[in-house]
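Taking the form predicted on its own, here's one chain by itself in structure tokens.
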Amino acid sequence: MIADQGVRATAVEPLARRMGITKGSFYWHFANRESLLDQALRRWEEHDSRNLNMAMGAINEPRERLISLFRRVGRERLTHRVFSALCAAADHPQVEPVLERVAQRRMHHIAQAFSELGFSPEQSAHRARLTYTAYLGFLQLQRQHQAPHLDSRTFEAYIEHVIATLVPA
């Protein structure tokens, strides 16, 4: 529901209706809407952390880790839709700290790979920020329907270009 309608539109009654349960059944599991949102955010953050570890944790060579991250990012549709919706609600008091932790964790992993490629800590941090900014910008363009729809071949060529631009050979 967050991916489809955003954080602010996620409410008990429409959610219960969508799930085919009563509001009473909903309240059996969650004390209130905030409790639901806390659990949904926690679940999404754990999923994001697992995906990040899968994309970067099992690969020893830093350049291959970065390439794997770019390729995986290109395939995570639902995660991107949820993340875009969360970014649109970045000022929400429950969402803001989650986005901050996720951004820090992602940039730390990216910066670590650049550091292992021989960049200074400052250069690694800058490259991680640039990489993350490119990712966020692409998601924002998609969310606003300003990015052209790319067929799979064209999208793969775009990913290859991003890799060639941001990840040194």
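A quick note: this is a predicted structure, and the numbers were derived from the prediction, not measured. All residue numbers are counted from 1 along the displayed sequence.
Although not depicted, the form predicted in complex with the DNA is the subject of the following passage.
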Close approach of residue 23 to the DNA in the predicted complex, 4.5 Å, heavy atom: yes
Non-hydrogen atom contact residue 104 with the DNA in the predicted complex at 4.5 angstroms: no
Contact test in the predicted complex: residue 27 vs the DNA, heavy atoms, 4.5 Å: yes
Contact test in the predicted complex: residue 151 vs the DNA, heavy atoms, 4.5 Å: no
Sole residue of 109, 126, 33, 47 within 4.5 Å of the DNA in the predicted complex, by heavy atom: 33
In the predicted complex: members of 107-137 within 4.5 Å of the DNA, any heavy atom: none
